[in-house]
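Given next, in structure tokens, is a single chain: the form predicted alone.
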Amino acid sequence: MINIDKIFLERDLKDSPRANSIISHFSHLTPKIIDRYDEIFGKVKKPYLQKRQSVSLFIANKKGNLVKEAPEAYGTVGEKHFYFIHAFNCIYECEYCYLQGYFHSPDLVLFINHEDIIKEIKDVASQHPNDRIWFHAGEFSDSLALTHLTGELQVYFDFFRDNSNLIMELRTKSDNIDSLLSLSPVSNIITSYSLAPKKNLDYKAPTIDERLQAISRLHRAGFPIGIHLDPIIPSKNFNEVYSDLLYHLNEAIPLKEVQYFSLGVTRFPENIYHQVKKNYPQSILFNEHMLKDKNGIVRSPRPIRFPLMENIKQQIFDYDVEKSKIYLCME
């Protein structure tokens, strides 16, 4: 668990049971009352790697847009995709994480006005009455890593259970699944795990074996599972490495029972690419040949990355997985 050294609480939330429940987990700290989190968060730039020592925790209400349309190719083709914002930053540290250059701080922000988020989800859904719509959690944080503190899962499960035409995705690397297992599975709420065979890129995150154990427990309990093989990391024994990963994943959950597979390569906006090189100059990520494309994204050229993804697709097909269940992320 990451070390929290300070707690900042918005003044309007002083008497909030939800806020005080979070604070109760840090009895050694006295919250500092502030007017708005964004008057402090990110105003003084903190290095991303400071999270190895300690970070501050902000408890706040999210203002402005709570639900945003996802970029094209963010999810399955031909469907509407949005993400909602319930937290900023992550307790894990991954070399390829774009958050290290997105905010000016590794401090954590937990937004607790979940009813407002759900209201905006309803508003967005009402604008697309005839579409199958996805709402993704985990764009700026891990969806499960802090749920033992935040306790918001019940709120979302209640809503999506009553709105079966909408789909919610919980994107995670966490094995912190007790809060999830305490709930009854909902067919249109999918827990999706990011997996890559190079554990040394995922500092503090659960190991691949720990994630596979979590996937197995959730699957046995009836929770729908999605898989993100992202980022795909090239290596000399690439075929064998991913064959081994898929073999062990299939032991945790039969691959044909996975809801979908997302495949993607290492990619960064140009400014974040330079930040990653500064933080991890010896990273194996930079063994790849990367170029900036016309959209300002730095990644390996198409003739290099597409054969890698095609290789993995073919390996997944060997497990009798339907072709429609595989999509290429951000392609």
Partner chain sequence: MQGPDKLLVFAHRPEAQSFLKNDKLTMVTDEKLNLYQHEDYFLLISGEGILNSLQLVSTILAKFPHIKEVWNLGIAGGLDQASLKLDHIYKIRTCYAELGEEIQFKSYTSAFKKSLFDCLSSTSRILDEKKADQLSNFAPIVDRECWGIARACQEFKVPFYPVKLISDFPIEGNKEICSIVKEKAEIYSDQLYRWWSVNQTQPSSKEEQINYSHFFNDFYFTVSMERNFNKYFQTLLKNKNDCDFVVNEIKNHPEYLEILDKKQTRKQQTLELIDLLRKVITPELLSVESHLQLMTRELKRTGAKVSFDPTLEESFIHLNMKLSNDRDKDNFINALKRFSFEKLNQVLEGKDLD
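Numbering follows the first chain given and starts at 1. All of these numbers come straight from a predicted model, not from anything done at the bench.
This protein has a second form, the form predicted together with its partner chain, left out of what is shown; the following refers to that one.
Within 4.5 Å of its partner chain in the predicted complex, a heavy atom is found for none of Lys14, His228 and Leu245.
Although the partner is absent from this view, Tyr327 stays clear of its partner chain in the predicted complex, with no non-hydrogen atom inside 4.5 angstroms.
Its partner chain in the predicted complex comes within 4.5 Å of a heavy atom belonging to Ser283.
Its partner chain is not shown here, but in the predicted complex it comes within 4.5 Å of a heavy atom of Asp293. Its partner chain in the predicted complex is approached by Ser300, whose closest heavy atom lies within 4.5 angstroms of it. Contact residues in stretch 94 to 110 (any heavy atom within 4.5 Å of its partner chain, taken in the predicted complex) are limited to His104.
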